[in-house]
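Only one chain is included here, represented as structure tokens and corresponding to the form predicted on its own.
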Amino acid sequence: MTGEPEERPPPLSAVPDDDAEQPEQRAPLFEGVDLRPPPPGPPPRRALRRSDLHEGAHVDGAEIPDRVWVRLQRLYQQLTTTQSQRDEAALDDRLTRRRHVTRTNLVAVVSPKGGVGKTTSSFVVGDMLASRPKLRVLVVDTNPDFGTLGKLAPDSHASDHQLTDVIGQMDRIRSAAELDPFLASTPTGLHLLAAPQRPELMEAMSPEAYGQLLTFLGRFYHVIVLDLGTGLTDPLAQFALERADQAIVVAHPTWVTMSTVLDALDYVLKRLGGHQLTMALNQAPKGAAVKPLEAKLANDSLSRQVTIPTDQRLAEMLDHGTYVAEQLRRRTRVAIKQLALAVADQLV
């Protein structure tokens, strides 16, 4: 044993081994395959179509025979169907067509007046978009003063969480399944994100915080509806209008409310760019009192306008958490579908 330090062999990992198995060099995926999109034109014809195997129309696995009595039955149904029923069927057909949505769309629901039905409008439009074209839709309560959106969900679909809980967990939520416990929902699949109910949390919410939240939520939804509080000029409303793809302006068809709303339209149109606005005249009385307002809006180039009648059944459904669109009166139901279609037609 000498005083010199003992020379240790190098670790095994540092010793080259010519006989060791080297990692396999894999060829890139799709090597030699042209991944460019096909040239424009009709798609290539399939070698085998469904109609080549199955003749005639089938519903629920049963064939619909093309016989005289079946034709007579169809003719009878057509003759006994009212024009309003045919109009609603055509509306349903347009609404249920799946939209090709290329990104998350933001829809701001606003009004310069309070108590006009912004939350109700946000809820029923979102519910219709979730149930008919089967889009993934989220309504976010951005009311800074004790918003009520989350309370519209049925008790069986409610959630005790609020949007501040989502903000606190954004770094940990990786999937839609992990996000679901923070949301209330409806049987149609609409998701609701409630506003904070503690005053100190309401005051802490800034446009920057909402911006981060919306960027995060945009990973999971086709459409996000922003249920805003009263007013148009506060920082949150300005943020929402500047970021939104379209807006629904809600008003009561009374002179006091409508005169205020009309005065504010230029502000909204300037923020939005002028072409993504839909006017909703909510809780309209039956009769001709609304006609002058509708004519005035048409003259102001606001062609997208919908009149929603006063409906006690709608109010009771929302209060009891039992909202089902098809159980509403036809006049109310059709108006809600028209409002949802006005939004759907502007999705990008």
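From a predicted model like this one, the values you see are computed outputs, not experimental measurements. Throughout, we count residues from 1 along the sequence that is shown.
One more form of this protein exists, namely the form predicted in complex with a small molecule; it is left out here, but the text below deals with it.
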- Are Ile308, Asp311 and Ala315 jointly within 4.5 Å of the small molecule in the predicted complex, each by at least one heavy atom? yes
- Query: Is there a heavy atom of Gln169 lying 4.5 Å or less from a heavy atom of the small molecule in the predicted complex?
  - Reply: no
- Message: Since only the chain is shown here, I'm wondering whether Val116 would be in contact with the small molecule in the predicted complex (any heavy atom pair within 4.5 Å).
- Response: yes
- Message: Since only the chain is shown here, I'm wondering whether Asn143 would be in contact with the small molecule in the predicted complex (any heavy atom pair within 4.5 Å).
- Response: yes
- Message: Considering non-hydrogen atoms and a 4.5 Å limit, does the small molecule approach Thr257 in the predicted complex?
- Response: no
- Task: Sort through 29-37, 48-56, 66-74, 315-323 and report the only stretch with a non-hydrogen atom within 4.5 Å of the small molecule in the predicted complex.
- Result: 315-323
- in the predicted complex, the residue from Thr120, Thr186, Thr278, Asn105 with a non-hydrogen atom within 4.5 Å of the small molecule is Thr120
- Note on the structure: Assert contact residue (the small molecule, in the predicted complex, non-hydrogen atom within 4.5 Å, options Thr164, Ser159, Thr230, Gln238) equals Thr230
